[in-house]
Ligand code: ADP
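One chain follows as structure tokens, the form predicted alone.
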Amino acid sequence: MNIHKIIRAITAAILVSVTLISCAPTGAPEVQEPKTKARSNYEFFDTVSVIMSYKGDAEAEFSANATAVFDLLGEYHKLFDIYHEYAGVNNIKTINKNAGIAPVEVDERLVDFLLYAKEIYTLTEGKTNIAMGSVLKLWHDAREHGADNPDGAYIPDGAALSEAALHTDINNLVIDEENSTVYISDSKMSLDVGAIGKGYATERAAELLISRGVSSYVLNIGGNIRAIGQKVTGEGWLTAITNPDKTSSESFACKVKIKNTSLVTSGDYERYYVVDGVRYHHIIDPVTNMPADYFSSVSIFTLDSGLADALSTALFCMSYEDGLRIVESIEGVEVIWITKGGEIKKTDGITLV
């Protein structure tokens, strides 16, 4: 794993641990908050996964819950991996490798995920498209090269991007639910689930914890936050939205309190590289095949972490008006947009602290 990614993820985890703190409401009976328990894992989705308990459960119970979550995340990590194959597992890499060749029999959890990803494609009007692997690979290779060789950094060739974009039709992803097989009918198409996979796995982990009777827990899977319940005081956790302007002395753009929801932010300030003085981030607009240029960050608040992950990418790649139109069609979704100029826009359900 890239050491710089590890450091960024650890920093994000520590930030959440520090800012998920609030006092009992004024005038309310004082409630003694239990000591927070936390456990981290560095093996999944090229990031740090943190599980935190605020409920005061016994160490043995917390340990069992953490182990169950990390086991589940490990399984989804293998299923969603586009770079490695694993013994006894047919995953996204296996599907990509067999594009245009043959259907691949896969775990039904992967079938369920890919069906969900198709629904998300429709919901986001094509802005969150797991079939963009051919385009994203060109950008990934350029970004990795630029990070290791700054003097030789380059952006992908426009003609190559246009050619790759011809092979991003999600209708070429053929899913046979009855036989649990997946087939990519275009031999030049490939899947990349980075825009949704981590959030989807986070929500499955939250469901697992809830089925185990958990409340007052927080998951932070590489910056994807999923709050289960609320603090024992009845309040939400105070958390902060990172200021995308790294020249500012203010680390946070704003703060909010969250309970029983997910919070996912997409921004242009972390995964990027520089070519001729211009910064190119990793969120690619499927219309232009270039890094999206509408906002500096978009933060989504909604119960389902998979939906939050998908919408944070989609709304980052569209205008405020189009994003608001989509959000208003979905129940229980709130958004904070931060423009390139630092202006904060938000939906009516967001209360800043």
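Note that residue numbering follows the sequence shown and begins at 1. Remember, predicted model here, so these are calculated numbers, not experimental data.
There is another form of the same protein, the form predicted together with adenosine-5'-diphosphate (ADP); it is not shown, and what comes next is about it.
Asker: Would M132 sit within 4.5 Å of adenosine-5'-diphosphate (ADP) in the predicted complex, counting heavy atoms only?
Answerer: Contact with adenosine-5'-diphosphate (ADP), yes.
Asker: If you check in the predicted complex, is S297 within 4.5 Å of adenosine-5'-diphosphate (ADP), heavy atoms only?
Answerer: S297 lies outside the contact set for adenosine-5'-diphosphate (ADP).
Asker: At 4.5 Å between heavy atoms, is K127 in contact with adenosine-5'-diphosphate (ADP) in the predicted complex?
Answerer: Taking the distances in the predicted complex, the answer for K127 is yes, it comes within 4.5 Å of adenosine-5'-diphosphate (ADP).
Asker: Although the partner isn't part of this model, could you tell me whether T265 comes within 4.5 Å of adenosine-5'-diphosphate (ADP) in the predicted complex, counting any heavy atom of the residue?
Answerer: Residue-level check for T265: yes, a contact with adenosine-5'-diphosphate (ADP).
Asker: Looking at N289, N65, S53, T313 here, can you tell me which has any non-hydrogen atom within 4.5 angstroms of adenosine-5'-diphosphate (ADP) in the predicted complex?
Answerer: Contact with adenosine-5'-diphosphate (ADP) in the predicted complex is made by T313 alone.
Asker: With adenosine-5'-diphosphate (ADP) left out of view, which of I184, V214, V106, I283 would have a heavy atom within 4.5 Å of it in the predicted complex?
Answerer: None of the others qualify; the residue that does is I283.
Asker: Please name which of the stretches 299 to 307, 57 to 65, 32 to 40, 313 to 321 has residues with heavy atoms lying within 4.5 Å of adenosine-5'-diphosphate (ADP) in the predicted complex.
Answerer: Selected stretch: 313 to 321.
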